[in-house]
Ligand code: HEM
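As a starting point, one isolated chain is supplied in structure tokens, in the form predicted alone.
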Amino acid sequence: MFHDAEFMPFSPRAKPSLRAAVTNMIENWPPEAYREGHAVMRGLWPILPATVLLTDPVLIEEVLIARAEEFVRDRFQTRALSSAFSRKSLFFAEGADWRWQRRTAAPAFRHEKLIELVPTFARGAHAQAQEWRRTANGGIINVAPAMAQLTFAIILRAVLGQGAETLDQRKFLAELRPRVSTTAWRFLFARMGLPEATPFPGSRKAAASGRWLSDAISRLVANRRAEGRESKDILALLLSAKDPETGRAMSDAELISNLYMFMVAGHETMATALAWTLWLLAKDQATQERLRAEIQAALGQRPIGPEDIDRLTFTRQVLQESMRLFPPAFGVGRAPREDVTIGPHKIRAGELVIIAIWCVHRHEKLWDEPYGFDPDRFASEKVKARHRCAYMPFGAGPRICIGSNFAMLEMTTILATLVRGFRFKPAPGHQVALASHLTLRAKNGLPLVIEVL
């Protein structure tokens, strides 16, 4: 068990603040959310409604699994996250529309399809290692943008195959940043009841970036349809996919929306998780050495292949513990279709309920020493003893992230490749600060000393 004060880099606020609402909204989640099964977060002003936060796995299971049909994605989160995802996508779909989109997309994310992508993941990670060997030895590198560029390049190759070469990756990432950074403002304005057209800092740039990104994805889909070539990438699978029950295929608008969602959500969550993992390993040299020993024993110096993934048990545990302490998706919003009672709370139709994943993962009654870094929490016997909603980096229930297996395969491959070749150490003098927008990022980056082994 390794402890560091930065593993909890802020103090929860008893009273919410406007500054936190637009920089790191989880600071406004009250202290009792880490001790009790539910909490109420008061509004910033008397006219704003309070919000119920759920942190009890039993209550969370009720909302996300047992009574999932009674809840929808809340209008506040929908408005906030539509800065990153189209409202036509699987992410926002509800009811019958969600079910047919999920059935149609699911075959592209089956394990037997995804495991074939491990060599693609390994080649991308190897390219990153080669770059660091040229530029890093003993120097300081901010691993947050490095992981963003790496995971985006890999997901482009996995999703688009040879078509990845036609997209300006740097331009895409540059245009994505203003879209992602507006999430907190959109959420706040939605809670205040302001019209969607209400301007906020960066709104004009975000709108222009959204148009560029949509046009770029549209061109990719149009070009692939025009080529008509066979391929095994995810775009090809989606182009040929049909609902097994009705035979319906996705329209171009639905295909573009979902392709955009997979590319953005896929690279953003993995980049965030990997950057936090490297930072945690830099803090805990003993765990880093133990991880390196597993990788060397399993692989030696040969490239990672599909057959190696199951042998990297501790590697996956490190990633899981990293996503417990710093979950990329820090909360999930739901709203009841009709008035309901959850625990002691009567919640009206349409009102916001937050599944406070950040607090669940650090809950004092669910975890021993919740602010420590201990990958052994995820040994199989300990996992079996926990409630299934005590740990939810990819959500839970029927709407669990469709790309969770893709993410774990890619992150395991990347982490094993990088830790085998480098030693990571903390950058002197750096103090971490959080920014909760689309994912839980480090506001001031995650610079690390990187030494070539």
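In case it trips you up, residue 1 is the first one in the sequence shown, and so on. Computed from a predicted model, the values in this text were never measured in an experiment.
Below, we refer to the form predicted in complex with the named molecule, which is not included among the displayed structures.
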query: Quick one: is Y34 in contact with the named molecule in the model of the complex, heavy atoms, 4.5 Å cut-off?
result: no
- request: Classify R102 as contacting or not contacting the named molecule in the model of the complex by the rule of any non-hydrogen atom within 4.5 angstroms, answering yes or no.
  value: yes
message: Taking any heavy atom pair closer than or equal to 4.5 Å as contact, tell me whether M270 reaches the named molecule in the model of the complex.
response: yes
message: Can you work out whether A50 and the named molecule are in contact in the model of the complex, taking contact to mean some heavy atom pair no more than 4.5 Å apart?
response: no
- request: Find the only residue in R324, R224, R334, R186 having a heavy atom within 4.5 Å of the named molecule in the model of the complex.
  value: R334
message: Give me the residue from M411, V419, V63, C389 that has a heavy atom within 4.5 Å of the named molecule in the model of the complex.
response: M411
task: From the candidate stretches 396 to 404, 420 to 428, 55 to 63, 25 to 33, select the single one in contact with the named molecule in the model of the complex, where contact means a heavy atom within 4.5 Å.
output: 396 to 404
